[in-house]
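Next comes just one chain, in structure tokens: the form predicted alone.
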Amino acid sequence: MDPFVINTLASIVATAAPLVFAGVGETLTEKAGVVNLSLDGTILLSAMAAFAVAYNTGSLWLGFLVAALIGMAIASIVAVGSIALEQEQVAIGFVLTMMTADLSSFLGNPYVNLPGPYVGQQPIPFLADIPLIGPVFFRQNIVIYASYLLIVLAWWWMMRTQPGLKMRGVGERPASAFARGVDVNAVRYTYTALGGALVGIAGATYSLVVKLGWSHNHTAGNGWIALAIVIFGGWDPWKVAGGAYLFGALKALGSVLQRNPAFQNVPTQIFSTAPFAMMILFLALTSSGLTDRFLDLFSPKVRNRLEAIIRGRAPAALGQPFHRD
């Protein structure tokens, strides 16, 4: 196959990896009933910190560790504010997003446009030689491979394990879960922190794998896309990953069109912003009356199944505080 096509497909997989980490992390958090809207700022701050730590220490993995800890700390503020202090989760998330975004620019100023370390390719023997699939999926690096594994593990944990069942119970009916002996708030703290750590890893993946280095507003907007993908994916790890790859494909399409002579006079800003607009348009269409009219063509049983696939359903207790009676 044409090397250009292979390289484009491989870039889609790489571009999607940070959104897979962030989207799956937020899915786990929201499945437990907590909304963390600090993703955009968290990704920015963790991307800056990961690059700065890796640049100063020469250790890529220390950069990833620091990014995960930053993501966990920010998410924990959301958890404490909403669970212990009973404040509005959405408001806390918005404030943290603005604060961490500005903090990333302030602290990251000395590292703007510096060349630094990055995670290189690590092809998997034998698998990398499979026609088409190998060059696209298995000539990446360990961080990209970890994103594949995360999708499978998150689904298995949520759907096939007892702790995953408890997590979903806390997000759906916390009072019933508490009556069965589940510590609702402990579960929410745990998955909010875990989800935040994955969001932090998403930031490190941007600066050390996908969009190398650091600059002001290096990843701006991608946190909001990750939140949209969670809704688009119906809080299901497989569909969330699908949304991440779709966004990666849209970004790659913009890059390809930008290099096409027929589009040379088109402002470059259109190609960088088009994927965001197209994702929003897709979300609007899936929640509009057009989708309702399409679903009405089917029997109630089929309609319910299709609606679950297209739209999904938010956890019933999402964003609602739990009070022990």
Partner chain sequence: MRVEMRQIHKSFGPVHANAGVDLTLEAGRIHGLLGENGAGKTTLMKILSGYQSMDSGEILIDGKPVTFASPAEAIRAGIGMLHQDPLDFPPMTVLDNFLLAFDDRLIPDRKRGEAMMLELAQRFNFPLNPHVAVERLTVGERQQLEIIRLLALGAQVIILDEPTTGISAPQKVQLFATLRRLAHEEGKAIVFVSHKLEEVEALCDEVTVLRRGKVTGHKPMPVPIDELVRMMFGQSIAMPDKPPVPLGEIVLRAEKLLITGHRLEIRDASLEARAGEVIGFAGMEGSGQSLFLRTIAGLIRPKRGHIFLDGEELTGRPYREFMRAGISLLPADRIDEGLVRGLTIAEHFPLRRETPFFIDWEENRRYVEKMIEFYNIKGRPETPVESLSGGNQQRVLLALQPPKLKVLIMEHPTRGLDIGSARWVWEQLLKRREDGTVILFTSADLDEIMTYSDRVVIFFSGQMYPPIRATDLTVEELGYRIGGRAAPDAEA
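Every value quoted in this text rests on a predicted model; they were computed, and no experiment measured them. Residue numbers count along the first chain shown, from 1.
The next section is about a form of this same protein that is not shown, the form predicted together with the partner chain.
Note on the partner interface in the predicted bound form: the residue among A193, L150, A252, V182 having a heavy atom within 4.5 angstroms of the partner chain is V182.
Contact with the partner chain in the predicted bound form, judged as any non-hydrogen atom within 4.5 angstroms, is confined among 238-246, 166-174, 196-204, 127-135 to 166-174.
Though the partner is left out of this view, N113 does not reach within 4.5 Å of the partner chain in the predicted bound form, counting heavy atoms only. Interface residue remark: Y145 is not counted as part of the site for the partner chain in the predicted bound form, having no heavy atom within 4.5 Å. When the partner chain is considered in the predicted bound form, W155 lies well away from it, no heavy atom lying within 4.5 Å. The partner chain in the predicted bound form comes within 4.5 Å of a heavy atom belonging to M159.
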